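Form predicted alone, single chain, as structure tokens, below.
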């Protein structure tokens, strides 16, 4: 192995809070070499971002404090420099750059993207204004921004999420850094855009010999891109090693738990996900023992003593901070069969030629100049007792469809047949029974809970509104039953929502949805805001509740691995139209639409060898604007199979096999 570009040695960062001293980063050591891609993985609060931000002194001090450690970058200890010293300023941006999770909050909305890229170039490279502008245009072209000469003068709000992240990458590499840190840089992006961004970063590493650190909670991404991995938990390095070592020979119970909790494209769909019990440790409550002991299925008394475990060494690169050897940990956790649920032949919901258009107006008179066709002649059926998956990129109409089904939006045209009745034309006063029968689980569990009410009142709101309890005693009993049903202690019902963890808050949302005894629940990205270990708990809970209560789900998500695990049939949407509908097995094994095939190709698999040998079929370009939809097939401008006919005619949905429907003229080319 060559000389390290960066070496962290015994880094310790604490925060002084009202709860006490929070040891956010606790004796962390890691290294990265030029041209190497390493991954840092772990749940929220594990110390991934804080360790990197401490290294370049981006944490607020106070309340933060770097207690000890060294950060050796090109032979210099960065931590010795004062926060505003010229030496540290030269390293930030010039030697080490960082891409943050949310580009819209990182970009200045009142400056053009050209001005923001040029700012860093002028500061670090001492270019003239003309040279800086030329360099900015070159960078925008390098990261795939079309027509960079004109787009350089646009503002951040004129770009899509994927394009804004490309701008952030251009800013980060503008001064030719030796090390780039991508902090959850693709978390908020669609799977196809995520693939484009990470492929771009990998190509830049290969072309420039720059080192890359990917911080993420997604182990599948790490399997595709990283050469070495550090697994963090509660401020400590739990395990480290080459990708192949961690994925094929995980040696810490936490790493094993993360890998078992991930739904995979090749996993046994009939088995329950093996979730990690409990919630991540609050760093303020660390006691000096193994921090994972309270959640570890192998923990013994020794693990709970106030002494950190001595690392087990398996190779020059592979070690795990656990008292047990790897051989003692494998086995003992048998897979359980998931609860099955009967699916009736009769439909619960039928959607026929549903359209939802939003008018586009112009001028002070608000003159209508066009329509945004958020939903364009959408048709499908959901059967009683099934889970109907819905996938597609941002802007495809998933959430608009959900809100139109709930009648939060009025349909422009079409029919919504629920239990034999067309609810699309019903007036608000006639929708009371629908509100009881159809419930919604939102993406953000915190934003959907009223912070002014107790958890019990939040869950019981539907019980009160629909008069489902006759007495106060019956009401309290019903709340207790709902808490128990979703795995929460009824004794917690008097707490405020902010006193619960993210996973517990999502359980509250599920309990609230169940309160009115619905037959149909729309789950809109219900786990995307949760850590992977908590995701598996919520997925298992939803499957169990469906079997117990004969529920029907519309399950909306952008993660096709998750959708595969829970769904009976799946619908793929693009730009407000239906591309394909099929049983889950047919869709994943025999996709018939080029868009579906590209979505499946973009999903990373948590297996480095599989990833190295998988054929790739990336989608080229960005999702078009709904205002300027392509003529003919809306996917033709990104489709490798498109013909002249595709550019002029929109393909109708046609049944190819039993229950397998596709809107494509060229579907036979995919067989």
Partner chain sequence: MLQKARKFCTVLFSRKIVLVSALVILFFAICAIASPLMAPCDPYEQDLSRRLEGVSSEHWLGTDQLGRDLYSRIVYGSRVAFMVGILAVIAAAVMGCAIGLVSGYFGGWVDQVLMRLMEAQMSIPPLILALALVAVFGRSIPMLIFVLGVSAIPNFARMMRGQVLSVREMDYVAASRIRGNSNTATMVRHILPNCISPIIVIMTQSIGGSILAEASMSFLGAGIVPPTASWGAMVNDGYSYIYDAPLFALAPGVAIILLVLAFNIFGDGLRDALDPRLRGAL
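Positions refer to the first chain, counted from 1. What you see is a predicted model; the values in this text were computed from it and never measured.
There is another form of the same protein, the form predicted together with the partner chain; it is not shown, and what comes next is about it.
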Contact assignment for the partner chain in the predicted complex, among 127, 442, 357, 159, heavy atom within 4.5 Å: 442
Contact residue in the predicted complex, chosen from 220, 519, 601, 448 - any heavy atom within 4.5 Å of the partner chain: 448
All of 147, 164 and 200 within 4.5 Å of the partner chain in the predicted complex, heavy atom check: no
Interface segment, criterion being heavy atoms within 4.5 Å of the partner chain in the predicted complex, picked from 270 to 278, 313 to 321, 556 to 564, 457 to 465: 457 to 465
The partner chain contact at residue 523 in the predicted complex, heavy atom, 4.5 Å: no
The partner chain contact at residue 345 in the predicted complex, heavy atom, 4.5 Å: no
The partner chain contact at residue 408 in the predicted complex, heavy atom, 4.5 Å: yes
The partner chain contact at residue 419 in the predicted complex, heavy atom, 4.5 Å: no
Partner contacts in the predicted complex for 412 to 439 (non-hydrogen atom within 4.5 angstroms of the partner chain): 428, 432, 435, 438, 439
